[in-house]
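Here's a solo chain for you in structure tokens, the form predicted alone.
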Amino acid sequence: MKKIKYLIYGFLSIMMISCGADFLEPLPESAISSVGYFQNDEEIETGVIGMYDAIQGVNSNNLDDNFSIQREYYLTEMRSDNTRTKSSEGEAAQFESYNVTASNGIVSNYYISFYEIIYRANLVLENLDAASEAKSPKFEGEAKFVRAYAYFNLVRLYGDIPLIDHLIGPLEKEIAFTRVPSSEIYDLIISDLKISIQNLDNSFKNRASKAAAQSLLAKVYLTLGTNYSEAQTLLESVITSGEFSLESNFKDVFYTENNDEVIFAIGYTSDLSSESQNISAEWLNSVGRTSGVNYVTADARLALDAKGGNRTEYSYRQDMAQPTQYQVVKYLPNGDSSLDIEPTSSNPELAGNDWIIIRYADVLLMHAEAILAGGQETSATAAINSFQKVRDRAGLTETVTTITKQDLLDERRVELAFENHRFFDLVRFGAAQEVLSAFSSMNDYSFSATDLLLPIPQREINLSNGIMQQNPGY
């Protein structure tokens, strides 16, 4: 990961050697022992970097590898009305048609990948005694941010899940496989993020920061539909910090690394198999492992054409090889001369584009959402100011006087298109059932209410020996 690699590969090698074959098994994936390794700040730092390495995922076509966020778009964008496969074939097409099965390998890989992230965070937390007094709070803040981030994604995608907040042994199957109420998961998330806010500053963009923790906690409160005033306060702390701003050129958000708009991003380095990503290569026409996924739906194109302003040309483009199809433009690895986008790597499957998880435009729109506080509209000056800034950057400078809930949902769709927010936004705004039902009917898909949660991977059900139960509808 850019600028923060130290001894991570040595650390991971030690873990692999010490754990043997068990390292690759789902049980005890949160129970791996590295006793004796962590003796000082430098060694704990390798564990900290290992957390981000796990989020980064492995750039590989080996299905035994943890892809992590490199396959997240299947579970988010392709389960919304934003994207689909080009061919409507294979396991990938299950997401667009709402026919996901419990044996789907992408569903399973993501689940395992994110529990690996949680394991690595727990590993750091249980070795803080070896850290210096000066470094320990920051290590704790980073580990708790990463754990909260992982659990937030898991609980929104899978519902009730096992809560593993410490290292466990291989025989502790009850902990590893017992699904606890989502409320307990959210309690841990909130607690972790509050500590992260206390312990961190804004030194990093490719690692946890105070602003990232504030932004994420605000989104947690918005998701729960509670504590809107605290969400507003958290977001205003980020806004008034003066450390972040909108890029004047929308293209630069995605093609100028570590810009002023980025709050938290996962870093990648081009042309290095161990440090690159093939996310965006998969979105091209027969360049990556697939023949084209995350292709833009007609519905999303209509929304961007109507409300995207100058964001539209940097959000989707026509596939020149198949002119009836349309591709995502954000994060193009091989560039586009017509859009003045330079290639980010010599091989699109070894792309170096960082993946942005939290950016300032999201904060501004969440700020308006917090002020709306679950209502149908607002004319509050603070909400309008934040909303207007995002629209002004898009060249949509007509003065806004009132923001409706639908206005905000529409603006989030075109501003954050194809960044893995749309599905979560629909659920949080209470619009998923209506929007996805209509979209499904229009495209002859089979959406039902139970599709708002993914299945628990069947391999986890099987390994639990009757402890773990499946989500309804699967």
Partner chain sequence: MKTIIYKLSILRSFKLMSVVLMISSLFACDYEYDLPETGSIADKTPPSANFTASQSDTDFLTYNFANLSNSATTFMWDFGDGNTSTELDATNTFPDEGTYTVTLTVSDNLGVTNSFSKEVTVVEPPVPAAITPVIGEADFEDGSEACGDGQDGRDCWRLSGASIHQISGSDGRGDTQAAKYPTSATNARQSYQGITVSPNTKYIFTAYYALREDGDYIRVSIIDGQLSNLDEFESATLLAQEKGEVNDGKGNYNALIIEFETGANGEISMLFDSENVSDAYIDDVSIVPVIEEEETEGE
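Numbering follows the first chain given and starts at 1. Remember, it's a predicted structure, so these values are computed and weren't measured experimentally.
There is also a form predicted together with the partner chain; it is not shown, and the following applies to it.
Asker: Taking the partner chain as it sits in the predicted complex, is L163 near enough to touch it, meaning that at least one heavy atom pair lies within 4.5 angstroms?
Answerer: L163 lies outside the contact set for the partner chain.
Asker: Considering only heavy atoms, tell me if M442 and the partner chain come within 4.5 Å of each other in the predicted complex.
Answerer: It does not: once the partner chain is placed as it appears in the predicted complex, M442 has no heavy atom within 4.5 Å of it.
Asker: Is Q39 one of the residues lying within 4.5 Å of the partner chain in the predicted complex, judged by heavy atom distances?
Answerer: Heavy-atom contact with the partner chain at 4.5 Å: absent for Q39.
Asker: Even though the partner chain is not shown here, does T450 get within 4.5 Å of it in the predicted complex, heavy atoms only?
Answerer: T450 belongs to the contact set for the partner chain.
Asker: Of these, S337, T101, T381, T240, which has a heavy atom no more than 4.5 Å from the partner chain in the predicted complex?
Answerer: Exactly one listed residue reaches within 4.5 Å, namely T381.
Asker: If you check E377, E275, E126, D299 against the partner chain in the predicted complex, which one has a heavy atom within 4.5 Å?
Answerer: Checked against the cut-off, the match is E377.
Asker: Out of the stretches listed (416 to 424, 50 to 58, 442 to 450, 66 to 74), which one is close to the partner chain in the predicted complex, meaning heavy atoms within 4.5 Å?
Answerer: The contacting stretch is 442 to 450.
Asker: Going by heavy atoms, what in 278 to 300 lies within 4.5 angstroms of the partner chain in the predicted complex?
Answerer: If the 4.5 Å heavy-atom criterion is applied to the partner chain in the predicted complex, 278 to 300 yields nothing.
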